[in-house]
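The data below hold one chain only, encoded as structure tokens and taken in the form predicted on its own.
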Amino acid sequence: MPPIKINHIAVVVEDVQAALGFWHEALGLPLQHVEHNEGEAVDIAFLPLGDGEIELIAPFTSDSGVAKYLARKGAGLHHLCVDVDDIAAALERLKAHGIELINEEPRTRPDGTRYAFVHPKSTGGVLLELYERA
């Protein structure tokens, strides 16, 4: 199995543009782009950092999963994402170990990246996302 590396760290915020005041303007991280993601009902700012990136995510509906998370827990660390070479194999391995998954099957982003989430109950409290790049 190849080494697993961090793809991104996602921070949930109430407003992407306001959060960029710290992360981009004050701290100086470069802003790659901002995306309006209808499928997840979030706006996302992508800020490259080393081999990965910081993602600032803000819900734009009140009933999305991220909106519910923000209302329940407030702004802050949302999830950690790691790259895997074969997401189907990674999910099967996790299932074989009795790990609770949020997504039994991977979802696909418009760029072809496949992803799935592992429930925090199985990870010691951290929402974990697995990414298989296109």
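Heads up: residue numbers just count along the shown sequence, starting at 1. Treat the numbers as computed from the prediction; the structure is a model and nothing was measured.
Below, we refer to the form predicted together with another copy of the chain, which is not included among the displayed structures.
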(message) Within 4.5 Å, heavy atoms only, one stretch in 87-95, 102-110, 32-40, 59-67 touches another copy of the chain in the model of the complex. Which?
(response) 87-95
(request) Please run the contact check for Ser122 against another copy of the chain in the model of the complex: heavy atoms, 4.5 angstroms, yes or no? (result) yes
(request) Flag Leu80 as yes or no: does it have a non-hydrogen atom within 4.5 angstroms of any non-hydrogen atom of another copy of the chain in the model of the complex? (result) yes
(message) Can you tell me whether Ala26 touches another copy of the chain? I mean in the model of the complex, with a 4.5 angstroms heavy atom cut-off.
(response) yes
(message) At 4.5 Å between heavy atoms, is Lys5 in contact with another copy of the chain in the model of the complex?
(response) yes
(message) If you apply a 4.5 angstroms heavy atom cut-off, which residues in 33-71 are near another copy of the chain in the model of the complex?
(response) Leu49, Gly50, Asp51, Ile54
